[in-house]
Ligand code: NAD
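A single chain comes next, written as structure tokens; it is the form predicted alone.
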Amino acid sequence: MKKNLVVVGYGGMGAWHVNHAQKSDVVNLVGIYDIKEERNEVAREKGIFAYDSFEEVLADEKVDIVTVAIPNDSHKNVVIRALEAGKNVICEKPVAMNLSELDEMIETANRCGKIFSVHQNRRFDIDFLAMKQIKESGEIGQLINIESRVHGSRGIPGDWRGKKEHGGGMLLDWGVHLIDQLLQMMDGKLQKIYCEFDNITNLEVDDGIKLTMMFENGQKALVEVGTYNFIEMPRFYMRATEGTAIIDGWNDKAKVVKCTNMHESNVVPVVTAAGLTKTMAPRTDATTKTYEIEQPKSDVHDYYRNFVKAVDGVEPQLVTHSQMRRVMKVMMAAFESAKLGQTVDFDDNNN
């Protein structure tokens, strides 16, 4: 049976949730609420019921799930009130401003016996799923390092995302997604973190980040978010013990080069303007195999399908409290590293 859903916040992502809910096979959109009355009016003009207050949402006994899509600094209060009113809650990312806030939300969910999760929709991106598939298949050996990047050239959006008090900045906006993705792929415990921020178009919050995560098994993961890049670097780049994989853009297929023979005889040197090199000479087909990976099938609404099953107690929730805490701890460590200008230790226990 479908669950009744209300979306709190009818901005960009709130409207996205509404559009998906209207076509859903697992939730029924009951209505929306936004603190800005003009947004409620827009919803009503589209035939969507809009509550007059958040209190009215909480008092509506037919509401099973509340999706929270409001500025980051407002998440905790709204999430806790919804949980205490007996609603299951989906919160947009980042789920909280810090670990302490998140722990309060988790404690409330556990105390109230309700399902609470963060909307990590980027787990359904086909570029991520393709790279994860390559890594898990072992077809190019054991992972050495992976680089994950998103680049744009328009700076931070001119809304609350550019304000520190509202939880703005690229670490909390895009970094949270890339960190979550890579933590689904990496093996072993995270040991150290180093992070640098850009402040090119915004001096108040980070408008770019470069975060390196170092694991106790020697693997490394790089997260890079840029908002002042007029030439983009590849979306994903992976090195493994038996080859390399790359994805250039969001919707491009993964290209794999597998090493079939490490040693190659009769290497033809590359002649440059100032010399020659065998070390950097390209390989031939005699020692490598090049191919593309078919794009995985993906449906982002599987997040809601899982959440409903979790509410019904027939399936564990996809994005767990432990995973939510681990991502938040990484972001807090990244802020500390950027502030200190040095590598910081990471406690990867009891997430």
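Note that residue numbering follows the sequence shown and begins at 1. In this text, all values refer to a predicted model and were calculated from it rather than measured experimentally.
The same protein has a further form, the form predicted in complex with ligand NAD, not shown here; the description that follows concerns it.
Interface residue among Trp160, Tyr228, Tyr194, Phe215, judged by heavy atoms within 4.5 Å of ligand NAD in the model of the complex: Trp160. Note on the partner interface in the model of the complex: the residue among Asp127, Asp173, Glu224, Asp206 having a heavy atom within 4.5 angstroms of ligand NAD is Asp173. Interface residue remark: Ile35 is counted as part of the site for ligand NAD in the model of the complex, having a heavy atom within 4.5 Å. Contact annotation: Asn72 falls within 4.5 Å of ligand NAD in the model of the complex, judged by heavy atom distances.
Asp180 falls outside the set of residues with a heavy atom inside 4.5 Å of ligand NAD in the model of the complex. Mapping the unseen interface onto this chain, Val78 counts among the residues with a heavy atom inside 4.5 Å of ligand NAD in the model of the complex.
In short, of 326 to 334, 339 to 347, 6 to 14, 19 to 27 it is 6 to 14 that has heavy atoms within 4.5 Å of ligand NAD in the model of the complex.
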